[in-house]
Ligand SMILES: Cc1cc2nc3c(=O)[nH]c(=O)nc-3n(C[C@H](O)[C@H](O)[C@H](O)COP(=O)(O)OP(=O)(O)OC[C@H]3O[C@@H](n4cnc5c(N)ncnc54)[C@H](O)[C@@H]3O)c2cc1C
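Only one chain is shown below, in structure tokens, and it's the form predicted alone.
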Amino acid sequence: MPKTPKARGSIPSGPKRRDLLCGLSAGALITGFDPVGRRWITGSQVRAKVAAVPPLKGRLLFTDAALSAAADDFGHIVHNRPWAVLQPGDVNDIVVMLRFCNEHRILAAPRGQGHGTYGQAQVSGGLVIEMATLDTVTVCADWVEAEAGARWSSVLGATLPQGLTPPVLTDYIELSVGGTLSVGGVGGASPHYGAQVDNVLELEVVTGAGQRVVCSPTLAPDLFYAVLAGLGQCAILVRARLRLVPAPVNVRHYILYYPTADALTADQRLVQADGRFSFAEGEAELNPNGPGWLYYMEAAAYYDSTPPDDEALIGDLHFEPGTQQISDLGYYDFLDRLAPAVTFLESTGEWYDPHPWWNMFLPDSATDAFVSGVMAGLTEADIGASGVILLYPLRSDALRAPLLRVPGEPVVFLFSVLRTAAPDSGGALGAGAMLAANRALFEQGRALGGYEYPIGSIPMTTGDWREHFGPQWPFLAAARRRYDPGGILTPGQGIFKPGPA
């Protein structure tokens, strides 16, 4: 059996039940919201027109520590401070608080693991809903139900003992289910199975109007498809039913080096076309022996007991002879392969530096020239000592969610420049310079027919978003008007102007 994390089954790991039942005890002096003064009122400031806070099973926090945490994210660039933070004890807490917010014109946003890079889950003067307290995971036959605050590592902890796995995992598995489904969720298995949003069977959501709704491809499909990769604009995802596939026991892991980006992408197209690998991505790293960059394909073949034939898998590829690295790992160890790097970056402090990330889906026909041009001008200072460059192909027909925007060519490449702005480590540029560089790359890529993968740090206008969604804009705008008529949800994305349409 593969090595697995400790299964958590359906036992939440958030606040203990007795703590949740304390309700507002941590902020007992707060008695309501002043809709005229636009502020929370304490017991010593009671006024006739104060709107009483609804009863909650969870906690509504107003402490400086809670508000400061909610005003930060993995990007450490944007800092919008909310008025309050909700740690829900159950889904009904989200229902009643969104109704309260809708009535009093208070903006609100869900926050998963806080892994946004540009304030996407932040709210200036509003309510942040910490989804991590809703993390139940339950396996049923060939599907799993996970609350939005559950991490993908916890999902695996429940499914792997049953010999099952989600078909697509992001490279970093400590992200929340709700977080990745709100943007798309792509990984090295996406050429086979699409994005994570393409493997969702059913959702439970709370709309901006405070309605609790179950939706699927056949039940309220407009809401279902407006939530998947919908960036939190119409409803807050609280539970997802996800498809499972049989989990392998072992993984043969390949690292294959190439002298140029063009050489890498040529082989990437080949292995994507014939599907020989279970997983395939690409990466670039600074050449330690001279100027420029080295490129490599990271590929994996899943198996149970009989290892694959190396010659059959890599014998016709054009990597530099003698550079290949081949190893065998347990399936979970492979999925969690970033954990040591994260631990190291936490120890050096670089994990907590600003992360101005840039990600874009490029049409195949424009990829080689664009990537070669970008890489020729990149230095370590442009991406930071712990920056990462990713490049890998996807099949556009496998990416079916309408709001996950990709070019129309049969093959698209995801090109990512994951910068770390750490001036004291490696002489990296500051976050401001990196943001400007991101915007310039975005405009260049968009002119070639590319689309932002919206997990990064790119200053965007409403006009940019309208162009991004293109023919899907009327669909998203109509869903917003129907399901969030007050326009209160997730303003940090900057897609719609807050307030009623």
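The first residue of the sequence shown is number 1, and the count goes up from there. Note that the structure is a prediction, hence the values are computed from the model and not measured.
Just so you know, the form predicted together with the named molecule exists too; it's not on screen, but the next bit is about it.
Exercise: Y257 in contact with the named molecule in the model of the complex, heavy atom 4.5 Å:
No, Y257 is distant from the partner.
Check D171 for me: does it contact the named molecule in the model of the complex (non-hydrogen atoms, 4.5 angstroms)?
Yes - in the model of the complex, heavy atoms of D171 and the named molecule come within 4.5 Å of each other.
Checklist entry - So, in the model of the complex, is G282 in contact with the named molecule at a 4.5 angstroms heavy atom limit? => result Contact check for G282: no, nothing within 4.5 Å of the named molecule in the model of the complex.
Open item on the list: My question is simply whether S182 lines the interface with the named molecule in the model of the complex - judged by any non-hydrogen atom within 4.5 Å.
Closed with: Yes, contact at 4.5 Å.
Quiz item: Out of N102, T165, Q113, T133, which one falls within 4.5 Å of the named molecule in the model of the complex, going by heavy atoms?
Solution: Exactly one residue meets the criterion: Q113.
Can you work out which of W351, Y303, W293, Y193 has a heavy atom no more than 4.5 Å from the named molecule in the model of the complex? Of the candidates W351, Y303, W293, Y193, W351 is the one lying within 4.5 Å of the named molecule in the model of the complex.
Within 4.5 Å of the named molecule in the model of the complex, all of A148, W357 and T490 (non-hydrogen atom): Every residue of the spot touches the named molecule in the model of the complex.
Item to complete: Quick one: find which of 323 to 331, 372 to 380, 231 to 239, 263 to 271 has residues within 4.5 Å of the named molecule in the model of the complex by heavy atom distance.
Response: The contacting stretch is 231 to 239.
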